[in-house]
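Just the one chain here, laid out as structure tokens, in the form predicted alone.
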Amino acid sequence: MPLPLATPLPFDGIRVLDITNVWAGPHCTMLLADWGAEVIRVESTQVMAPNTRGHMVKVAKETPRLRKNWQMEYPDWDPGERPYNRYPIFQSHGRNKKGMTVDLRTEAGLRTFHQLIAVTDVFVENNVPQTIEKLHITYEELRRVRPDLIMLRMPAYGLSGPYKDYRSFGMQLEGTAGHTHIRGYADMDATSCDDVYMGDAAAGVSGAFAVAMALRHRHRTGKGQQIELAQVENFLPYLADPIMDYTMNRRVWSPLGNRHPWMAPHGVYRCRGEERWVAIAVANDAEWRALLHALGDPPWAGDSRFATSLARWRNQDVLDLLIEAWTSERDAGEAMRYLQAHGVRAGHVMDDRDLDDDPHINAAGFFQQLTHADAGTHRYPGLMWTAAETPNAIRTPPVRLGEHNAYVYLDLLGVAQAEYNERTQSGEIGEAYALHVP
């Protein structure tokens, strides 16, 4: 059952159609849904996006590598009969949404989508542009149905230019933006870098902000508009230091690892136990003295190689070994608390188990327990921020495929029951993928 909220939310009364994939687009619509928008995911029973909803039962059960990939680790290590409703990443961003199924490649499906657009405020998509063009659901076509429509388009590289129809996941986006290069280690090449998908998260937040501004503009002027959010362009300002250093000084940055362009010591240091670490950052001489005091003013404290910030920066290899001799004898959480008590910036490098058990996160009530019809009862990450005068929480668990077909077709669009039954029998409307979907 939805969680009732007494206080209206900022996006109450706003309807959003969602044809988004993987993370950037779904993250954007999650934020809109969290704060009151009626977000309706538009999906097809005839085509599956495996990086959005996971894999079918046969694939999930017969491919051993899927069990080793964190994205494929279904609840209780079992994909179940409907793995597309149990997929972990979708479980994270599918909350507070509704869902319906329709095949936009058919005449009836396109007609249904136009009927939805007529009663919709915002349409969000993050597909390669040619996909939207082939489906005939571009802004130019849809504004004829709803002149004040707001359409947010979030392709990797924009709606025009040489890269317009280049396909991209987060890995390609990170590489194109230069993030993969600078976050590696000086003694290793780019193959050592895992994926972090920072560009997806950044695009989701910017997309939600852009929609809020467009809604404000429409409220003032009555006009809708298309928003073009090229994900790589959105991400580039997050890399301001290396980009501006090159434009101003023609200097190309080398990979930094965990180090900093001017702070030292600055890194991640091994602690007691297997793969346990603490992050330490020292920005100036006063903080350096605080660190030395915390370490018990060791004999090497007066070494000329560490006398100034520049000297410490130039001798980081030696300095890191000396600091790690102290941290390696301590528990990571203990080291963090001890250093913090001495005025040193330090943080326990937590894994997912640590986060789930963290006293600060739990004192804040961040995790929220939800029961999902297909995935069971688990703790979920909560809202990204709170507002003192607007109480809020996760109201409904992640939406299942086609969960709200009856609401959309019968209540919202007024489709006759006979037509609804016929299209359900044909498989266009349903709560499971067609048998031919791999």
Partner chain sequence: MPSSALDGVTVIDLTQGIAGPYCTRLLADYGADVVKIEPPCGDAARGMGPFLHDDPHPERSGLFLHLNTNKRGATLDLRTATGRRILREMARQVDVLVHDLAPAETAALGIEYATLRQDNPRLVLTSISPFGQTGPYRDWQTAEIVVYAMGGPMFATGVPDREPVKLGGNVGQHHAGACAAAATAIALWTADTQGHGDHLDVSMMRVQAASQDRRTTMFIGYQYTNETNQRRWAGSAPGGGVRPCADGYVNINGSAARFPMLARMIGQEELLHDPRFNSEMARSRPGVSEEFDAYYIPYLMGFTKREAFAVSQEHRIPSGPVYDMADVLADPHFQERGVWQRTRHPQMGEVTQTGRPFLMGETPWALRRTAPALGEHNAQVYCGMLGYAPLELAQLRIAGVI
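Residue numbers count along the first chain shown, from 1. All values reported here derive from a predicted model rather than from experimental measurement.
From this point on, the text means the form predicted together with the partner chain, which you will not see here.
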query: In the predicted bound form, the one of Arg105, Arg314, Arg167, Arg289 near the partner chain [non-hydrogen atom within 4.5 angstroms]; finding: Arg167
query: Heavy atom within 4.5 Å of the partner chain in the predicted bound form - residue from Leu215, Leu295, Leu322, Ile132; finding: Leu215
query: Complete contact of Asn51, His93 and Asp194 with the partner chain in the predicted bound form (any heavy atom, 4.5 Å); finding: yes
query: Proximity of Asp356 to the partner chain in the predicted bound form, heavy atoms at 4.5 Å; finding: yes
query: Touches the partner chain in the predicted bound form: Ser309 (any heavy atom, 4.5 Å); finding: no
query: Close approach of Arg144 to the partner chain in the predicted bound form, 4.5 Å, heavy atom; finding: no
query: The partner chain contact at Leu383 in the predicted bound form, heavy atom, 4.5 Å; finding: yes
query: Residues from 166 to 205 in contact with the partner chain (non-hydrogen atom within 4.5 Å) in the predicted bound form; finding: Tyr166, Arg167, Ser168, Phe169, Met171, Gln172, Gly175, Thr176, Ala177, Gly178, His179, Thr180, His181, Ile182, Arg183, Gly184, Tyr185, Asp187, Met188, Asp189, Ala190, Thr191, Ser192, Cys193, Asp194, Asp195, Val196, Tyr197, Met198, Asp200, Ala201, Ala202, Val205
